[in-house]
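A lone chain, given as structure tokens: the form predicted alone.
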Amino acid sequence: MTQLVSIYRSRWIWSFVAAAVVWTITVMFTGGASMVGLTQAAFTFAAFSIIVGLGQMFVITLGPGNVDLSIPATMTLSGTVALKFINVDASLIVPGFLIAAGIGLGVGLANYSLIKLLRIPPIIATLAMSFIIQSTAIWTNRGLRIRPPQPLSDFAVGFTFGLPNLAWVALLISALIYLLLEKSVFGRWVIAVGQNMRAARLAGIPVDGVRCLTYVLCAVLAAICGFFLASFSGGAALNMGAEYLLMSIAVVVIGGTSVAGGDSNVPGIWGASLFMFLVVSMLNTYGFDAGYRMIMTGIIIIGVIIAASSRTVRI
């Protein structure tokens, strides 16, 4: 009974409740015809939000002012360079993936270098870096849509045991992130820095190293997401990461991670990502135009956040 009460009062559970409600309404409106297709699509497209959301969650956990605005540009650059290197050659898929991850590593280090050396706010540093990264992607891409090799494309759009392969990838990454946060010293350091940076420094925690690794992790996850998104959509495009700027922040907030820092929630990212996709699908099903969809989406998100906040355990 105590565990049920604890779950009820958890903020993250309400993202799953909201996702279930929206899924039910959409399926009922279509007479059940869309149940399987809607579920598979939700897990497929939510996978991208989950991957970038997990990285943004780490950064936001560091405390107020910490956010990475270079995620969309990192996704675009990694997808473009990796697929250009692979050049439709299936034997180069693994090296291409490693190149994408390496781009994320470089972007993360560059982001934190600007924050640390120039002492400018993270929001400004990552925004400035995003312009540099996007310009590099434009120079690399030159307006061409670079296609993935067929085996990589087949994997990105395929299914295993009834679930999209990309959902399995997101699940694996989520499990690793959960273990890193909950079971490792680094995870405890991230939480400590987010709760009180000065106290963490006095306690002997390598604050600068923790912050640097966090921004690197965020950029690497964005790069991996860009690699799979380009493979899924049939090629790298210059605007393919645009919608994931606000999405990466929204799923963190809706998922129950505190924007004040020192608190994170991996399961909540899943509920929030599914919810965000299902809301758009529901509004499309009801025939709302773009303007009304944006208004209604904002109202629904606010309602979920209020519901979650009102049930948070107060100490």
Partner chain sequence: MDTNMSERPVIEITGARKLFGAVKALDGADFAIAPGECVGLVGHNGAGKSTLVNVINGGLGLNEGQITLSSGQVSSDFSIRVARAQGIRCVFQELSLCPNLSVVENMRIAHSGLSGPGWRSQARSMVDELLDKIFPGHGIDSGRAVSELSIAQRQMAEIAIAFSSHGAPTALVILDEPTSSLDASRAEQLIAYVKTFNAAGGAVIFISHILGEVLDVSDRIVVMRDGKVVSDKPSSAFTVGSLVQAMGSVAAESAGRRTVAKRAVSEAPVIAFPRERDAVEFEAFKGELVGLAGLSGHGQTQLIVDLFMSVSGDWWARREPVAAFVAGDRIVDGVFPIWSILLNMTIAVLGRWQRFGLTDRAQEAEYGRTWHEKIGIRTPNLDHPILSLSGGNQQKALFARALGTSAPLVLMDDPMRGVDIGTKQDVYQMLREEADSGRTFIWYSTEMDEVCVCDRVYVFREGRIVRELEGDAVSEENILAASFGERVA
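These figures come from a predicted structure and were not determined experimentally. Residue numbers count along the first chain shown, from 1.
There is another form of the same protein, the form predicted together with its partner chain; it is not shown, and what comes next is about it.
Partner contact region in the predicted bound form: 191 to 199, out of 191 to 199, 220 to 228, 92 to 100, 148 to 156, criterion any non-hydrogen atom within 4.5 Å of its partner chain. For the candidate spot formed by 203, 207 and 261, every residue has a non-hydrogen atom within 4.5 angstroms of its partner chain in the predicted bound form. Residue contact with its partner chain in the predicted bound form: residue 212 places a heavy atom within 4.5 Å of it.
Contact check for residue 172: every heavy atom lies farther than 4.5 Å from its partner chain in the predicted bound form.
Under a 4.5 angstroms non-hydrogen atom cutoff, its partner chain in the predicted bound form lacks residue 232 among its neighbouring residues. At a distance threshold of 4.5 angstroms between non-hydrogen atoms, residue 184 is in contact with its partner chain in the predicted bound form.
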